[in-house]
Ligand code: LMR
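The chain that follows stands alone, in the form predicted alone, written as structure tokens.
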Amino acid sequence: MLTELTQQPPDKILELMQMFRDDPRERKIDLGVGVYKNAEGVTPVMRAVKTAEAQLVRDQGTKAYTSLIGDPAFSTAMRRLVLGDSVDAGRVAAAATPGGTGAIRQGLELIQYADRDASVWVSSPTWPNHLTIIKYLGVPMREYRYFDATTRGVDFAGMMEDLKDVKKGDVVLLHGCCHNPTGANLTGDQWTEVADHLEATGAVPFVDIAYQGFGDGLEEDASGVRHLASRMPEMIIAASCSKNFGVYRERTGLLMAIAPDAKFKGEAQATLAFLNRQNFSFPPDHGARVVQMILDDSALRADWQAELEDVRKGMLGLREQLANELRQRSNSDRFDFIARHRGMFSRIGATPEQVLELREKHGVYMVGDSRMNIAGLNAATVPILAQAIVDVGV
């Protein structure tokens, strides 16, 4: 049996990480991996996380399982963080998952369990794992235009034109904020127009919100998903705690399903528990417990929000610095979109050949589609990157 297996294609980002490690140059810059790093190149443990973990180690009396859907207190805390009061809690089914990726996988499993003929519409481009999981599960998939390669903003006219073909029962996968890989976000008016269209067609929104707090703020970043939740009879939401709580390795995520009413919520909740059981049984608890402790404790929450705001403002500062450096060095405003983008990522519009030249000549590592991680920079490396981008003729 095992002799019949074929070699799987390598993960391009993991390959890029290894190439960066093997590069002996001192002045090299890693803009590839999608992980937040501070100015020292470290993914820090947040202050509130350390405090909550210390309390947990001191007070926790058992490592027994919680439940198939995880601790309900975690689900409640995360529902409030993501959805606020936009929807009646009695309509929201939820289950903890191994990270945001686990929530995406379980959400797609839920869609298949409900309707194997439903097509899932994804933005072009989107996070590569969306595509690989959808393909692996054999879910019917369609794409809609999203990114304008000329303006480096949202191609909203193209998006809405493509979504005219959405049918009742189809699922439209949307990025809640800080679009990965482009950094280009929908405006408030555009979210309203999307909601109007989904409401009219009977399609179901599936929102992946992995960077809440990294863009314009905790409340602002949730405005799109909350607007949809306030209007749609059904909705699926995958939330990640990896970025805004910095608990990457704890694999902390939540899948929520908004049902039309309490009766159908009960059936959705039972299905989420069933799907968890078939996949991994009980979800991880440590990260979820830490997140719940922070969100439910006023002092811990205040400290977490303050540190998260520092992270957000730091990335905005790097964006503005890079846009300014590029404007001066290129004598052009064509890179001003970098300051308008939000979150960790931007696509700068370099060709694959220019991306290769950036790596080989300048030690700048980014993904082949020219997605770069702003959090891989610091004040000292921004001018180096700006000069490299201009030198290769982007």
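For clarity, every value in this text was computed on a predicted model and none was experimentally measured. Residue indices: 1-based, along the sequence shown.
Keep in mind the form predicted in complex with ligand LMR is missing from the figure; the text below concerns it.
- Only one of 47 to 55, 354 to 362, 27 to 35, 331 to 339 lies within 4.5 Å of ligand LMR in the predicted complex by heavy atoms, and it is 27 to 35.
- Contact between Asn244 and ligand LMR in the predicted complex is not found at the 4.5 Å heavy atom cutoff.
- Using a 4.5 angstroms limit between non-hydrogen atoms, Tyr144 is distant from ligand LMR in the predicted complex.
- Interface residue remark: Tyr211 is counted as part of the site for ligand LMR in the predicted complex, having a heavy atom within 4.5 Å.
- Contact annotation: Ile13 falls within 4.5 Å of ligand LMR in the predicted complex, judged by heavy atom distances.
- Note on contacts: among Trp304, Trp127, Phe206, Trp121, the single residue with a heavy atom within 4.5 Å of ligand LMR in the predicted complex is Trp127.
- For the candidate set Asn180, Asn185, Ser75, Gln106, a heavy atom within 4.5 Å of ligand LMR in the predicted complex is found for exactly one residue, namely Asn180.
- Taking a 4.5 Å heavy atom cutoff to ligand LMR in the predicted complex, the contacting residues in 345 to 372 are Phe345, Arg371.
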